[in-house]
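Structure 1 and structure 2 below are the same protein chain in two forms, each given by itself as structure tokens.
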Structure 1
Amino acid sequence: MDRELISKKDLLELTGISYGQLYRWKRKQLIPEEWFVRKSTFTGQETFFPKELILARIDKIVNLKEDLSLDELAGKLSPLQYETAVAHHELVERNIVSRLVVERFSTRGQLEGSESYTFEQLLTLFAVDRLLQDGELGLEEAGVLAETLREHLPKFEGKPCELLFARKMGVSTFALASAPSDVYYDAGVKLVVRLSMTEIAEQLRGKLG
């Protein structure tokens, strides 16, 4: 998957933060290590960042650091948790999740607009939608997946986890595993999808802005 990257120099110019702040945030784990992408350019090695993710993150840190200490902030920025509430019409209008998935897996209150979606609910819908659109699973299976995520995702309490989807002799099965983990199957199993929920969450967050 190719993401748009931004160089460190451009990033600092764009956001008006300094090298010192960037390094400090990295030390405090406000910016994950994986986002520092090293590439060689004609001026030597340079560091790049996934543009949308880093801009959203810096914006968030800058806005929150007035009220919170950096350590408190670090707790808030766990990748799978995000405070948001999105209403039904917004979800469809902004095309975050396809209409089909929204209508099938939402509660009555959400459809009527009296309830909004939490980030975790959105994450479930978003993951289901993504797999459906990739053509990896059928609608029946999507229901099982949504149920699995709804039931087990909260148990990870925001820690990084992976979604595994495997088939054997036409029977499908889902699993959630904490990441990083090694999973081995018997020879008859075909692993259809292995998806990092952290990454999905980041994408969703990018879409929510």
Structure 2
Amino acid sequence: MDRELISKKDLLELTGISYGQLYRWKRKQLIPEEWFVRKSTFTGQETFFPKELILARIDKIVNLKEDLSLDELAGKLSPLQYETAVAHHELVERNIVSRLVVERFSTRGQLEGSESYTFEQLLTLFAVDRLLQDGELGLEEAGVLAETLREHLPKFEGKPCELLFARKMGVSTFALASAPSDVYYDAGVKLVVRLSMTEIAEQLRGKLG
């Protein structure tokens, strides 16, 4: 799951913001720390960002900062939180989540249409759908992932975290870890996916408009 990156220099030139603004927004947690990616280049260490996500976030900050304080913006842009409620029938109609995932991994109350989906519930289904469509996991593994997210994602209380999906001798395991963090496995473990839940949340926000 490669993503297109943009260098800090190109980002500042493209958006017209200053170095000071960028790092002030970082300190205020308007831009997740995990989006600041340090990479080695022929000139030394440089900072890069996931291009699509950082451009969308800066556009949102610029458009909202005249009406909201930076602290208010930080609450509004909290990584894994978003004020929304989506009815069951809207998920497929609006192409937010595939019909297979909605029918197989929604809770009974949601399937019966007795409640709307919160952003956290949508994020679970959206992450499962993303990995299924990318061919990273099978349906049985998807069920385990859905349960893992439902049980442990609320414990992060909206803070950045990463999803780790690994296999050893054909046995799958899932974990959620605070981001950024260093994780080490023994030699027999294959890390299949390391996914930023913040990035998944940003993609979901885009779908919700």
Partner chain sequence: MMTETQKWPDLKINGVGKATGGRYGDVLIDGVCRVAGDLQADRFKANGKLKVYGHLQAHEMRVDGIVHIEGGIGGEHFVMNGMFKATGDCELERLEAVGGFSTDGMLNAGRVNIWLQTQSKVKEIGGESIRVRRQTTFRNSKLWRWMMPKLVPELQTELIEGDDIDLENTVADVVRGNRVTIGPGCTIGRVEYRTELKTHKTAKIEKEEKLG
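Counting starts at 1 and follows the sequence of structure 1. Computed from a predicted model, the values in this text were never measured in an experiment. Here, rigid core means the biggest group of C-alpha atoms that superpose within 1.5 Å across both forms.
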| property | result |
| --- | --- |
| Form predicted together with its partner chain - structure 1 or 2 | 1 |
| Asp59: Cα shift of 2 Å or greater between structures 1 and 2 (core-aligned) | yes |
| Threshold 2 Å Cα movement between structures 1 and 2 for Ser18, core superposed | yes |
| Rigid-core frame, C-alpha of Lys190, shift of 2 angstroms or more between structures 1 and 2 | no |
| Core-referenced Cα shift (Å), Pro50, between structures 1 and 2 | 8.3 |
